[in-house]
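Read the single chain below, which is given as C-alpha cells and is the form predicted on its own.
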Amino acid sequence: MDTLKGLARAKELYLDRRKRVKELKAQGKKVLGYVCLFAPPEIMAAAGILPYRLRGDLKEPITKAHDFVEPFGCPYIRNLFDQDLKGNYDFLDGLIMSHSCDMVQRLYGIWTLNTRPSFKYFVNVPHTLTPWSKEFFKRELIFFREKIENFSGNKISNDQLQKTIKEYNTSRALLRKLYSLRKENPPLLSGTEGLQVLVAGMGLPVEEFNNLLQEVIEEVMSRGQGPPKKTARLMLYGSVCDDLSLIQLIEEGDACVVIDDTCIGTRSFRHDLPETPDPMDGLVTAYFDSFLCPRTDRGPGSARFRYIADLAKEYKADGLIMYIYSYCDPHKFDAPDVSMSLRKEGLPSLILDDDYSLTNLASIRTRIQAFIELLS
C-alpha cells in the first residue's frame, strides 16, 4: 500500500488507476470489469470479487475498434472496447455488461467475440417501470448472482450480501458528506478534486474506498480554505464524466463545479440502497426503480426532471452544463425537456456535444466562457 493519504492518494489512484488493481490481482484477488451499475457491484463484492468499473481514456484515440464497429455510435463505449483490444485491461478475469443502452447491448457480442474473456455475462434490463418489469429485473439479478457464485466458487448468502450492502451504503453516506462541503461559498472542495476521488473509488475494494473517503473528508474539513471564490457556481449533468479535462477547463475560468448529475456522481449515491428482508428487492429498488438514468422510460412530462432543479438549488448553482456524447440518444432525447424545465425554474443551461475526446477544446472553452459571462 502507498503511504500517501487523502487527496494525494486519490490523485495518485486517478493518474494510475491500474496500479492498485494489479497489486490486488497479484495477491490472488479476482477482478471483473463492468461498464454500468445495472450489474450491481454489491453482488460481485459479496462473492469476494473486486468490481472494477471500466474507465475511458480521452488521451487514447480510438483506432483498433474501428475494425469491428462503425464510428456512428457512443464514443465512450467504443473507447472502452478499443482499450481492451489494445491490452489495457489484460488484468481482468472477465467482463460484465448490461443493457444500459442499445449501443452497449449491440457491442457486447462484438466485444466478447473478439477479446474472448474467460468469463462474460450480460444483464438484461427493461426500459419501462412496471410491476412485471421489476420482477423481470429481479430474476435477471438472481441469474447474475448464480453466475457470479459459480465463477468465484463462493456461495453468496443473504447475510453476506446484506453486509456488503451496508459497506456500500457507508460509501454513499460518506460521498454525500463529502459533496455537502461543496455547498459552501467558496466550496471547500473543488469539482476537480471531487471527481478524482470518485474515479479513484471505481477501482478499489469498498472497504478501502471508505477509508480513503474518511481521510479526504477529514483533510478537507481541516484545511484553512478550499478553492478561491468564483463568479459562477455550476452543475454538471449528462453522460459519464470520468476524466478531469472538462471540469478543469470550467474551473480554470471564473466558475466552480459544485454539484453533478451523472451516473458515477450523485445518481449512484444520492440515496442508500434499502435494506430489505430479501436483499435482491433492495437491489431492484436502488438500481432500477430509483436510479434516474434517462435510458429508463418514466413517462411523459417534465416532472421527472424536478430533482435536477432541486439539486441545483440545494447547492446554489447559478446554471447547468449538459455534457452529452455524440450519438447518446437517451440523454439527447431528454436534453430539450431538461433545458425547458430548468428555464422555468430560472436556471439557464448550456449543452455541450462531444465525442469523448475534447478535441474541439478551443470551441468548448469559448462557449463555457460566454456562458459564465451570461450568468455574471
Partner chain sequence: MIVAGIDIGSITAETVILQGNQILSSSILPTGANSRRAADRSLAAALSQANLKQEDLAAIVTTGYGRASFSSATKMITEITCHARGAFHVRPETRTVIDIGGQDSKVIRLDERGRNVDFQMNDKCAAGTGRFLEVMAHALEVKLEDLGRLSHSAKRSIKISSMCTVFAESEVISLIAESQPKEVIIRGLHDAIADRIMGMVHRVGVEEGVTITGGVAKNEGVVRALEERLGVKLFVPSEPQIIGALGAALLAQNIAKDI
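These numbers come from a predicted model, not from an experiment. Residue numbers count along the first chain shown, from 1.
What comes next is about the form predicted in complex with its partner chain, which is not displayed.
K.L.:
Mark residue 31 yes when one of its heavy atoms lies within 4.5 Å of a heavy atom of its partner chain in the predicted bound form, and no otherwise.
P.N.:
So residue 31 does not count as contacting its partner chain.
K.L.:
Do residue 22 and its partner chain come within 4.5 Å of each other in the predicted bound form, heavy atoms counted?
P.N.:
Outside the cut-off, so no.
K.L.:
Against its partner chain in the predicted bound form, would residue 11 count as a contact residue? Criterion: heavy atoms within 4.5 Å.
P.N.:
Residue-level check for residue 11: no, no contact with its partner chain.
K.L.:
Can you check whether residue 18 is within 4.5 Å of its partner chain in the predicted bound form, heavy atom basis?
P.N.:
Answer no; every heavy atom of residue 18 is more than 4.5 Å from its partner chain in the predicted bound form.
K.L.:
Going by heavy atoms within 4.5 Å, which of 40-48, 55-63, 309-317, 345-353 lines up against its partner chain in the predicted bound form?
P.N.:
Comparing against its partner chain in the predicted bound form, the contact stretch is 345-353.
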